[in-house]
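Next up: a single chain in C-alpha cells, the form predicted alone.
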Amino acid sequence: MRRVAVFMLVCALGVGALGQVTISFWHAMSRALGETLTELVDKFQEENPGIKVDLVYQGGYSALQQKLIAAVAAGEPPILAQQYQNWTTQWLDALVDLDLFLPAEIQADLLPQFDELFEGRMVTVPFNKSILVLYYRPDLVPDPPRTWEEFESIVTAIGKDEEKGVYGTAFRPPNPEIFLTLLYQAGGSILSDDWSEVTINNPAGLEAAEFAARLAQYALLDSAYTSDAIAKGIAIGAFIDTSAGYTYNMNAANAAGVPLAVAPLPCHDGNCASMIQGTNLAVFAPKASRAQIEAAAALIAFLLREDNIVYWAQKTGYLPVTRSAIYGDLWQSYIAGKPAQKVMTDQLIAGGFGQLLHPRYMDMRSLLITYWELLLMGEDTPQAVLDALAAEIDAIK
C-alpha cells in the first residue's frame, strides 16, 4: 500500500516537462571527490540543458545525516541525497520507490552484492561503494598473508614498539565493519536469519573477537585515519582499510618515502568475505513534483551509466556498481594495468556483502562502535564484551 501511495502522491504533485525543472542534490563528497562529482553533474546538465542541479555539499557524513534528519522532520528534504543504508529506516516513508522511475535495464544491471531492498522496496541505489582490502608494507611483509593464521604470524613477528613507531597492524576503533568482516568470515552474524535471536556472541562471534583481540596487542589504535599515521613516519606492517582510502594511503606512503601495496583480505577457512562500504542515492517524495522525481531518476541513471560510473571509480577509488561497468571493456582495460584496483575489484566480486537491513541497524551499529573499541582496548575478555553487546542488541532488535 505504501508503494502505491507514493506513486499516486508524486503523480498528483505535478507532471511538468522533464526539461524544465531544478533539483537539489545533497552530498558529502569533499576535495577531489567533490570535484569529480561536480564534473559529472556538469556533464549531465550539458546533456540535459533544461535540468538544473543544485549540488550542495553538506559537510561530512555526520553533518549530512543531521541535516537530513532536520530537513525530513521539517518536511523540506532535498530531492536527491547520498545516504548510508543504516539511515534509511529513519525516513523510509519519505522516500520514492525508485523501481517505478528507473529503467528496468538499470535495475537489472546492479551487481547482486548491492541487493538492498527495504521491506521489499527499492528506495536507494548504490553509488559510491568501496570494499575492505589489505594494505601492507612490502619491505616489512614480503608476502602478504592469505589466511588469518598467516596474518597473525606476520603481525606478531613485527610486534609493537611505540618508541620507534613500529606496529604489526592498525585499527580504527570507530570502524566496526572490520569486526563484522571477521565475524562473517568466521561464519557468524549479528542476528539469526529470521532476526529472532542475537547470535553475535556465539562460538563464531567469539572466534572473530578473540582473533581481533590478539591482533590488537600489536596494533596502533587511533581514531584518526591510518594514512595520517603513515604520513608521520609510523611503520605499520599490514592493515585493513577501504579501497576508497587507496589514494590517501598511497599519498601518505609516498610522502613518508615508504612502499605500500594492496592485497586481498586474509581469509578464514576459505571464507573471504569483505564488507561493502559507502553510500547510496535516494530520492525524497515530500514536496517533489513528478517532474523533479523523473529528473532525479534521470541523474541517477546518468551516474550509473557505464562511462560515468567507470570515470567516477577511476578518479575516486570507489568501485563500479553495475555488471556492465565492472565486467566491461572500459574498467577491465583500466585494471589490467592497475594491480591494486584489480585486487579491489576481485575482492568485491568474490566476497562483498552489505550491512544488515534491519530497522534498528543504525542503533546496532552505534553499539558495535562502542564494544569494538572496548574489545580492541582489552577492557574485558572477548566473551564478556560480546555478551554485553548481545544483551544490548537484544533489547532493541
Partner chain sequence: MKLPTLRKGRRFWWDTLEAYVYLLPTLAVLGVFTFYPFVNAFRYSVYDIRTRTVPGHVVYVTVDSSAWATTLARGRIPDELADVLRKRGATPDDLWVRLRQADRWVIKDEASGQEYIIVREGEEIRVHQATTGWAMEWVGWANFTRAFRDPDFGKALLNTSVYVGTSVPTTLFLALLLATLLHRELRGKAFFRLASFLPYITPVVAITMVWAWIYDRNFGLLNYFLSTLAGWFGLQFSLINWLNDPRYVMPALVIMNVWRFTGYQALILLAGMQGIDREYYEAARVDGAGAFGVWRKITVPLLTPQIFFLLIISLIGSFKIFEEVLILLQGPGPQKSGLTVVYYVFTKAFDAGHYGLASAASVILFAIIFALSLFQLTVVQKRVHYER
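Computed from a predicted structure; not experimentally measured. Numbering follows the first chain given and starts at 1.
The following text describes the form predicted together with the partner chain, which does not appear among the structures shown.
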- Listed range touching the partner chain, judged in the predicted complex by heavy atoms within 4.5 Å, from 304-312, 192-200, 260-268, 215-223: 215-223
- Message: Can you tell me whether residue 323 touches the partner chain? I mean in the predicted complex, with a 4.5 angstroms heavy atom cut-off.
- Response: no
- Is residue 108 close enough to touch the partner chain in the predicted complex, meaning at least one heavy atom pair within 4.5 Å? no
- Message: Given that the partner chain is not shown alongside this chain, does residue 121 nevertheless sit within 4.5 Å of it in the predicted complex, heavy atom to heavy atom?
- Response: yes
- Task: Although the partner chain is absent from this view, report whether residue 387 comes within 4.5 Å of it in the predicted complex, heavy atoms only.
- Result: no
- Message: Does the partner chain, in the predicted complex, lie within 4.5 angstroms of each residue among 31, 278 and 345, using heavy atoms as the measure?
- Response: no
- Work out which of 95, 238, 158, 297 lies within 4.5 Å of the partner chain in the predicted complex, going by heavy atoms. 95
- Message: Just to be sure I understand the contacts: of 335, 357, 69, 350, which is the one whose heavy atoms reach within 4.5 angstroms of the partner chain in the predicted complex?
- Response: 69
- Message: Using a 4.5 Å heavy atom cutoff, which residues in 265-303 contact the partner chain in the predicted complex? It's fine if the answer is none.
- Response: 285, 286, 287, 288, 289, 290, 291, 293
